[in-house]
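Here we start with a single chain on its own, the form predicted alone, put down as structure tokens.
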Amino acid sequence: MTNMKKEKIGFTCAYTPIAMADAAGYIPYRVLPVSEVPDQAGRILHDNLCPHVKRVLDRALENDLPEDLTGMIFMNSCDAMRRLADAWMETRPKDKVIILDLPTTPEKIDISFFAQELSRLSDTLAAWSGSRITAGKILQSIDQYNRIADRIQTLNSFLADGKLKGSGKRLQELINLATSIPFEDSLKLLDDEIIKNKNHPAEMNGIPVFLFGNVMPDPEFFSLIEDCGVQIIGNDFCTSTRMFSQLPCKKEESIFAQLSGHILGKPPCARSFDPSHPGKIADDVVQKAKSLGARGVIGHSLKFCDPYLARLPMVRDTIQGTEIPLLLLEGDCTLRSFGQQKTRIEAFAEMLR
């Protein structure tokens, strides 16, 4: 592990350009909604609000954060996340905070706008760190990010083949670590894991299923799912594999425009869409499930998540138009309701036999 002491900059969204935080000399640290702190965000935010946002705010209220976390990058991706940024500044007024507006489409005008937002982020990070961020530094950090994404994809292929020790739980543990430590340490961690699993024999201990949804970072969730008689062969969560997509940026002259286009062109979550292909999120789920040979699909969304509430009917209709059975679950970023979900998953697994 690296011995150089760096401060951490927190983030909460898979669209965050974490390579730029790395280029500024910070450690990008994803503030995950996984903690044993008491529920208290309701003192500041409405109770019927995204549980992801509320659990992250619970951590801030309880000071359940690294001592060296000195700032936050918030993406204005939905109204709930914008409210979190407001509450964070109220709760932790000493933290440095920047809010980036995130377009919903990868249209040319949106890419141009977001490139300006990235330029503003670069200037802000430079002011925070006291050192200039060059395009060359950003490209170097993007290269390391891409290498991490490549390793995650390799481990994801191990998962699909039943070769990853610890299965879905272990993959989530690795992704959680990779979003909280320096890039160079992430690469070493993932390279070591690949070596450990390269010659591991393939094992299928349940019905192969594909998972999708928005936020589920608790590794234990994936283990509990598999205890119900299924085997996870792939997933698409913004706290998991969707976090790492290749950013093939090459030229220093147009670095912000390149980065903007690749970030906005990532596989869409429910709050983003391609105007030329509005149903892409649903088609992506079907395509991934079929390509992996999944015999069933399990969707997990958070309560009060407006983007997913709007998109799930389309996803459900698209999947039901295939021969792949679908089970939809709803949660609150904790495992408190898993007892009820367990019964439904076991019945779903039995139906797939």
Partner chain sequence: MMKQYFDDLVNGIEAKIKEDPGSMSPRKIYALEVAKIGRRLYGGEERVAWCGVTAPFDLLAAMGITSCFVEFVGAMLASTGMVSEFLAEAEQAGFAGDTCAYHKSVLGAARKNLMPVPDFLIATSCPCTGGLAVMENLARHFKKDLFVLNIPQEETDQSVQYLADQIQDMVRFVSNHTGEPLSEDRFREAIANTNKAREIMVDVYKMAMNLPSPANGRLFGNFGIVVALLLGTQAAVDVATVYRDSFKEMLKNKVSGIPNERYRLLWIQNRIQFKNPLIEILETQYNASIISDELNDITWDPINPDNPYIGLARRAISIPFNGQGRRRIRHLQQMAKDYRIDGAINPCHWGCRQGSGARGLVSKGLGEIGVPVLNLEVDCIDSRNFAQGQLKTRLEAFIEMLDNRSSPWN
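Note that this is a predicted model, so its numbers are computed, not measured. Positions refer to the first chain, counted from 1.
What comes next is about the form predicted in complex with its partner chain, which does not appear here.
Colleague: Picking from 289-297, 59-67, 28-36, 45-53, which part of the chain touches its partner chain in the predicted complex when contact means heavy atoms within 4.5 Å?
Modeller: Going by heavy atoms within 4.5 Å, the stretch is 45-53.
Colleague: Can you confirm whether 161, 224 and 348, the three residues that make up this candidate site, all sit within 4.5 Å of its partner chain in the predicted complex, judged by heavy atoms?
Modeller: No, the whole trio is out of contact, none within 4.5 Å by any heavy atom.
Colleague: Does any part of residue 113 reach within 4.5 Å of its partner chain in the predicted complex? Heavy atoms only, please.
Modeller: Answer yes; at least one heavy atom of residue 113 falls within 4.5 Å of its partner chain in the predicted complex.
Colleague: Check whether residue 79 has any heavy atom within 4.5 Å of a heavy atom of its partner chain in the predicted complex, and answer yes or no.
Modeller: Answer yes; at least one heavy atom of residue 79 falls within 4.5 Å of its partner chain in the predicted complex.
Colleague: May I ask you to state whether residue 283 is within 4.5 Å of its partner chain in the predicted complex, using heavy atom distances?
Modeller: Residue 283 belongs to the contact set for its partner chain.
Colleague: Taking the shortest heavy atom distance, is residue 273 within 4.5 Å of its partner chain in the predicted complex?
Modeller: Residue 273 belongs to the contact set for its partner chain.
Colleague: With its partner chain left out of view, choose which of 252, 192, 150, 86 has a non-hydrogen atom within 4.5 angstroms of it in the predicted complex.
Modeller: When its partner chain is considered in the predicted complex, the option within 4.5 Å is 86.
Colleague: Just to make sure I understand: among 294-319, which residues lie within 4.5 Å of its partner chain in the predicted complex, judging by heavy atoms?
Modeller: Contacts from 294-319: 303, 304, 306, 307, 309, 310, 311, 313, 314, 316, 317, 318.
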